[in-house]
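Just one chain is shown here, as structure tokens, and it is the form predicted on its own.
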């Protein structure tokens, strides 16, 4: 590779909500505008996106708006172009396996949103096919790059918690039904037949957060619900929700940590951020969100006494202290993109591959199985 080189990236689904905002604008175009990615030896690699989608008109408009030369509605044509060595997938989950399978056959390095497939069997097969073909692959693990969770990582590495006992997660917000006030999420999210459901959406996130910060998920006990059975689609037409819109899960982790996550699109927010985790350990605790991170050390922990007959005037929130902003955190999607591009360009480490993605799909699958059967389900270790 020369001192200045370019990696061509086929971006399939870049006109969608996440594909456009987080992956195209805030990641690839931001990398392009900063002059590319610097490698370990000082060389730089620039990016050249090609947009792929169903609507030529929409692709043309995005390409003109952002000075992008390449776009097409023909995925096979894009994959046949040897000047584009990376395939990036932001499609709905139902369409992901066939497209990625084609990209593997074309010998492309592959970067994809999660979940990587609708079933664990398909997700594992993608990991095996990529390994057999020798193609580099990565899966979005964006929550690990949030400022709040990166501060949490620092606390864990510093031994702040002592022995970690438990993790409690609250995620969600009120998604309007769509009658009157438009829904903030697409209607397919609430149709199981189209790959929707909060378990398949969020449990893969919780899996990589838990296994990378606290330990491998060894079992799951989950309860799911479709709290709002009727919603309204993008045309204002009523439809029956067939997918879960809330999930309540308990996860047992290697090493004895117990994690509990409530995930809901039917909850009104009474917390600092839409995602909040509380981590409790023998020496200290932390409450973290997307950006914030508050801590309470053992030495500064109050001694509450339960007495329901007397109002408690203690200000418990004042006992927590914000972790200072000691570094500037860039957009997490962009940071992971830069890491993956270094992996492609110079074989830099890449932990978050298709096998990691398959473990996330497995947790979602076993979570749904647990909810159907009303019992705790153990998770096997996943290997290629």
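Residue numbers count along the first chain shown, from 1. All values reported here derive from a predicted model rather than from experimental measurement.
Omitted from view is the form predicted together with a small molecule, to which the following refers.
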**Request:** Among 141 to 149, 122 to 130, 252 to 260, 210 to 218, mark the stretch whose residues have heavy atoms within 4.5 Å of the small molecule in the predicted bound form.
**Result:** 141 to 149
**Prompt:** Which pick from 285, 264, 93, 224 sits with a heavy atom within 4.5 Å of the small molecule in the predicted bound form?
**Reply:** 93
**Request:** Kindly confirm or deny that 26, 174 and 289 each have some heavy atom within 4.5 angstroms of the small molecule in the predicted bound form.
**Result:** no
**Asked** Is there a heavy atom of residue 281 lying 4.5 Å or less from a heavy atom of the small molecule in the predicted bound form?
**Response** no
**Request:** Determine whether any heavy atom of residue 370 comes within 4.5 Å of a heavy atom of the small molecule in the predicted bound form, and answer yes or no.
**Result:** no
**Prompt:** Is residue 188 close enough to the small molecule in the predicted bound form to count, meaning some heavy atom within 4.5 Å?
**Reply:** yes
**Prompt:** Wondering, does residue 231 line up within 4.5 Å of the small molecule in the predicted bound form on heavy atoms?
**Reply:** no
